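Take a look at this single chain in structure tokens; it is the form predicted alone.
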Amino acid sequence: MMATQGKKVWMDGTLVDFADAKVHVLNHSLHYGVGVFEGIRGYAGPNGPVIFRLPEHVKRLLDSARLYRMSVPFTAEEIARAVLETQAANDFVPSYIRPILYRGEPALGVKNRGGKVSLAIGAIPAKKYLGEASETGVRAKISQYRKPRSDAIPSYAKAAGNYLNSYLAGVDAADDGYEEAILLDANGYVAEGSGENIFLVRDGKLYTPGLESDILLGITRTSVLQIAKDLGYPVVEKLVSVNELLTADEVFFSGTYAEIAPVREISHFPVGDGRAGPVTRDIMDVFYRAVRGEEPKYASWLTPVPPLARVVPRATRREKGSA
């Protein structure tokens, strides 16, 4: 995914041109990975652009910052309005929106907690994260790299440094011809993909790893759990063994950028008949209707995007560089 097509980036209260969104090369977050971020989706709703589960994403961003002891100079409401402003300024859907809290000033030293915490929000046109495999079925490799324990790195936080092992797992899988990696936890149970949560189906029942496997609590994952329950499918969060995964009737990934992607093969073991199974298709169908605003039951998941001039009155916008 190359972020080359954005128009505007929101930086501490000011919209700047995409090419001008810059920070110092000696900033603390670049050198030590102490930054927290979100991936948020914008969709075309029935009456204009909408943001999917905006309050939940903002809450997780602030929770992540708290775990990394970052003092955030913005309220949840201000961050939500900034996301809406960024979407309105970029004026394309579907979009992938990336808010990040970081320390952008020169500040070396691992324990350095001084300096300003800044907020930047960019947006790019959203494509299928896993390419054509998102529709036809993903080939995934069980990775040699394990998901870190939460007593080493807090898995609840969506933090920049947390993704080093996801990067290693993902590029290793790609080098072997797979579209994605599956990481196990420190005890050898299934955890998640390099950037997605994972579900399996056995005998019409859904299973997914829980917090005991040091997963990120995905917002799309939460949505899938709700949809599955509403459709009448039993759902179990539990420790999932590799053997259970390899003998599942269906497997699929869920994530903000990946949305819902069926898995057709895992480390050369075929999954089902190599296509999205009936349970996966049922959940995908409801999910995609929900994000387009076609499912009234899930209307509360969508936040309408007002025109730019109405998002934040000009007189109340922060000046660039202010806290």
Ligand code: PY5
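Note that residue numbering follows the sequence shown and begins at 1. Computed from a prediction, not measured in an experiment: that's the story for all the values here.
Another form exists, predicted together with this ligand; not displayed. Remarks below refer to it.
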{"item": "Residue 257 within 4.5 Å of this ligand in the model of the complex, heavy atoms", "value": "yes"}
{"item": "Residue contact check: residue 195 to this ligand in the model of the complex, 4.5 Å heavy atom", "value": "yes"}
{"item": "Close approach of residue 118 to this ligand in the model of the complex, 4.5 Å, heavy atom", "value": "no"}
{"item": "Contact test in the model of the complex: residue 218 vs this ligand, heavy atoms, 4.5 Å", "value": "yes"}
{"item": "Heavy atom distance at most 4.5 Å to this ligand in the model of the complex, all of 22, 74 and 103", "value": "no"}
{"item": "146, 202, 81, 98 - the one with a heavy atom within 4.5 Å of this ligand in the model of the complex", "value": "98"}
{"item": "The single option of 163, 92, 156, 233 touching this ligand in the model of the complex, heavy atom within 4.5 Å", "value": "163"}
{"item": "Stretch in contact, per heavy atom within 4.5 angstroms of this ligand in the model of the complex, of 235-243, 186-194, 168-176, 118-126", "value": "186-194"}
{"item": "In the model of the complex: members of 36-63 within 4.5 Å of this ligand, any heavy atom", "value": "39, 57, 60"}
